[in-house]
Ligand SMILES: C[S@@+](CC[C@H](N)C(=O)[O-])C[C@H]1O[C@@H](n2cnc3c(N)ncnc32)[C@H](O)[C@@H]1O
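Here you get one chain, nothing else, as structure tokens; it is the form predicted alone.
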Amino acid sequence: MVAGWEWDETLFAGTAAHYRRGRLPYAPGLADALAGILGLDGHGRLVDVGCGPGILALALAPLFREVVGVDPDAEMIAEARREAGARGVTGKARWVRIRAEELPAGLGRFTVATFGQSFHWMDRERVAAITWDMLETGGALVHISDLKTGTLTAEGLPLPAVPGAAIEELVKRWLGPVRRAGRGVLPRGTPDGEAAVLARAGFSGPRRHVVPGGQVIERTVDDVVAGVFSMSFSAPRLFGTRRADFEADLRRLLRDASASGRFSARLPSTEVFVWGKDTRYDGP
């Protein structure tokens, strides 16, 4: 947890409806890569911690007997449950509205625990220790995120690139220069250094893998607007009664950037760190 900042239930309030459309997907091949790395064959149990609307848990559902997604946001859980129904996997997917710090919550033991760009929002020391206890011996904690060190070039794109820098400046003009997060702010951003945290909890590793991205996809103005409203630092509630005015400004910016209202974007690569509950080590 970031010093001087406390989690609150408004962190992602109002973002769930925009998340699936607005966020760029993980790199294609992530599920196949994890199946090979972890030897997944449709058995075992997965807990996806900070599951949001179920994007990662549902992508991995065919690799497990049961998947359990946990998230503190009621709207995220509702979206995950709805999407599970649409995909016909309701019988093997379970959704629990709790904070990670409230685990294990009687959920039992798991083969794999995933954290898809969520670990930094938690009391990491506490959650790492809890996750150790929830995993079976020989199980794995998998930390998944977009590759931050890669350079995504706009060269050769068939349509204008999404004007990310201009959007960032627009958000700052409306909400201020310091990153918003729930009812608080994060002047230094979210924490890193999860490797030290997980090592202290007793996990071995990590093994690092990169699933290559770079694929070009098309984005509409509505997609980009949804992406802005899916982020914790530009969640709809942060604009209060001025939300419609901000959205109008955002749409003007996007129209100026692309007369057709269409953009090209490259998918980022996906970085995967696999931490093991080593059979040679009996706990922290």
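In this text, residue numbers run from 1 along the sequence as written. None of these values were measured; they are calculated from a predicted model.
One more form of this protein should be noted, the form predicted together with this ligand, which is absent from this view; the next part is about it.
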**Asked** Out of Val162, Leu198, Val112, Ala100, which one falls within 4.5 Å of this ligand in the predicted bound form, going by heavy atoms?
**Response** Ala100
**Contact residue in the predicted bound form, from Met134, Val171, Met122, Val185 (heavy atom within 4.5 Å of this ligand)** = Met122
**Message:** Under a 4.5 Å heavy atom criterion, is Leu11 part of the interface with this ligand in the predicted bound form?
**Reply:** yes
**Prompt:** Can any non-hydrogen atom of Arg266 be found within 4.5 angstroms of this ligand in the predicted bound form?
**Reply:** no
**Asked** Using 4.5 Å between non-hydrogen atoms, is Ala181 touching this ligand in the predicted bound form?
**Response** no
**Prompt:** Does this ligand get within 4.5 angstroms of any non-hydrogen atom of Arg23 in the predicted bound form?
**Reply:** yes
**Message:** So if I measure heavy atom distances to this ligand in the predicted bound form, which of the stretches 135-143, 153-161, 186-194, 69-77 falls within 4.5 Å?
**Reply:** 69-77
**Prompt:** Hey, with this ligand in the predicted bound form, do Ala61, Ala84 and Thr90 all fall inside the 4.5 Å heavy atom range?
**Reply:** no
**Fill in**
Taking this ligand in the predicted bound form and a 4.5 Å non-hydrogen atom cutoff, the residues of 110-127 making contact are Gly116, Gln117, Ser118, Trp121, Met122
